[in-house]
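Let's start with one chain on its own, the form predicted alone, as structure tokens.
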Amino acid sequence: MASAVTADRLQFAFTIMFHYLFPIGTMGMAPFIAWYTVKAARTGDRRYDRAAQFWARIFAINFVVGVVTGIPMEFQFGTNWATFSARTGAIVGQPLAMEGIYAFFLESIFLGIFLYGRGSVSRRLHALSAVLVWLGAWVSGFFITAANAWMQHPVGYSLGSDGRVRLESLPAVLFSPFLWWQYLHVMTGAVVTGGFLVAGVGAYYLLARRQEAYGEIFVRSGVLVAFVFSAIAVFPTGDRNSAEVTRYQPAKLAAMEGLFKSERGAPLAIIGMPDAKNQRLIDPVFVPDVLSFLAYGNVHANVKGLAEYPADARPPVEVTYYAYHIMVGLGTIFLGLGALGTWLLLMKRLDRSRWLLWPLMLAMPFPYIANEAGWLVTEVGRQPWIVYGMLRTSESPSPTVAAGETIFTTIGFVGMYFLLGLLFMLLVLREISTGPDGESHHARAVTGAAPG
């Protein structure tokens, strides 16, 4: 029978990973909505206005489902993780409250103006509302990341005699370098997702030979943004975020790389299968000295392996290692696909290159997988700490909640979220079928209208 802490962790992992799918979409689509709207206001080209409205409708679906799936997570802090909330709420509660007060209302109010104010407000205010929706989505992401970053690297606090954390400096919490590099990497991953989502839908329209004017707009802007931000995900955001992990969470770094024994001139494992029992990588492919250079800027630097840490202070190696390599592997593919698409765009051949349009369309789910894998690295690699170096996960659940209760409610969440996910997909696919010009593929087939 599962322990209460295991049941609590599984429930929170399921609910937060399902929920995170939707903020990825909103944060990734928001820049495109703002750009298309501003361009429509400047040029008077109604294609960009329709493109912005199209993505705003999909954004709104993401936003609503994200709100619905986010509420249970907030309640879990009180129901399943009461000890954690009681001890750290003075700090963790600050950015969560600021997210609701400042970011959520900014995003929701101006989303309403954008969706329903067209024709009723000035063109400038309509364009401004799109920019503020983008700002609201990204500010929301900042405050949520701030709460998580403090759990990764606690700063600006003191401990009371009762073991509770007291906030000493909110600026220290909000301006921690650990937070900013983590936040920028999160936003970069979201924009990569948005780029491939926009390019993928555009590729679908071009392959289906319908609404091709919009297909060209989406593919061109999506590919260019996906390439630029895939590169930024590698450097500087990925590099600097990894540097912060190396400095403050060296055990996580060792688990990410499957490094069991300390080495000078540590190699980078391209592939391999971690064997935690025997403390080794099975069938590895190494690049000599690269890990030492990436971690410390010196090919001869010593990198600590997992054996240097007590057994009860090591993160789960297999999950951390595989999630990290999935994220990096997919990121490399995104960079290559974006580079190829950008080269064809410069050669003015992208719209006609059906051999690349197919991969662009099929790639749409994979940035979501990469983002989820990245969060697995962040959260599982932090274990056994819920607040790194301060509070263990095993000490944080609610003492009165039994494992059976949590398992029962988790089964309910699985069923409810399955139906919610199905409804989400149906609504989004209907919007894609209807398209920016408001005419569905079915209606076109019935009337015999020409495509595009």
Partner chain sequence: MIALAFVLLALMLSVYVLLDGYDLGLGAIHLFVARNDSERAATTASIGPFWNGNEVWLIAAGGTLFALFPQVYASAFSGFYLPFMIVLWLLMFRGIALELRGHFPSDLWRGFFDVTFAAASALLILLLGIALGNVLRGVPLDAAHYFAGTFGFLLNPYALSVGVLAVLALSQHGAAWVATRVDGLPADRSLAALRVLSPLVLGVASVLTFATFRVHSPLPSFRAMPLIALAPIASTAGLIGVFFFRVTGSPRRLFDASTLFLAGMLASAAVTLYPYLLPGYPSAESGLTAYSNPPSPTALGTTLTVVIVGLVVVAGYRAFVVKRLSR
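Residue numbers count along the first chain shown, from 1. The structure presented is a predicted model; accordingly, all values stated were derived computationally and were not measured.
Form predicted in complex with the partner chain: not shown, discussed below.
Item to complete: Considering the partner chain in the predicted bound form, find the one stretch among 348-356, 85-93, 333-341, 305-313 with heavy atoms no farther than 4.5 Å from it.
Response: Flagged stretch: 85-93.
So, Pro72 and the partner chain: in the predicted bound form, are they within 4.5 Å at any heavy atom pair? Yes - in the predicted bound form, heavy atoms of Pro72 and the partner chain come within 4.5 Å of each other.
- Is there a non-hydrogen atom of Ser394 within 4.5 angstroms of a non-hydrogen atom of the partner chain in the predicted bound form? Ser394 lies outside the contact set for the partner chain.
Gln383: touches the partner chain in the predicted bound form, heavy atom cutoff 4.5 angstroms: Because no heavy atom of Gln383 falls inside 4.5 Å of the partner chain in the predicted bound form, the answer is no.
Please run the contact check for Phe110 against the partner chain in the predicted bound form: heavy atoms, 4.5 angstroms, yes or no?
Flag for Phe110 set to yes.
query = Quick check: do Phe105, Leu170 and Gly412 each get a heavy atom within 4.5 Å of the partner chain in the predicted bound form?
reply = Result yes, every residue of the spot touches the partner chain.
- Query: Out of Ser262, Asn298, Ser122, Gln279, which one falls within 4.5 Å of the partner chain in the predicted bound form, going by heavy atoms?
  - Reply: Selected residue: Ser122.
May I ask you to choose, among Ala213, Ile101, Ala208, Ile270, the residue with a heavy atom within 4.5 Å of the partner chain in the predicted bound form? By the 4.5 Å criterion, the partner-contacting residue is Ile101.
*Any residue of 324-345 with a heavy atom within 4.5 Å of the partner chain in the predicted bound form counts; write them all down in order.*
Nothing in this stretch is in contact.
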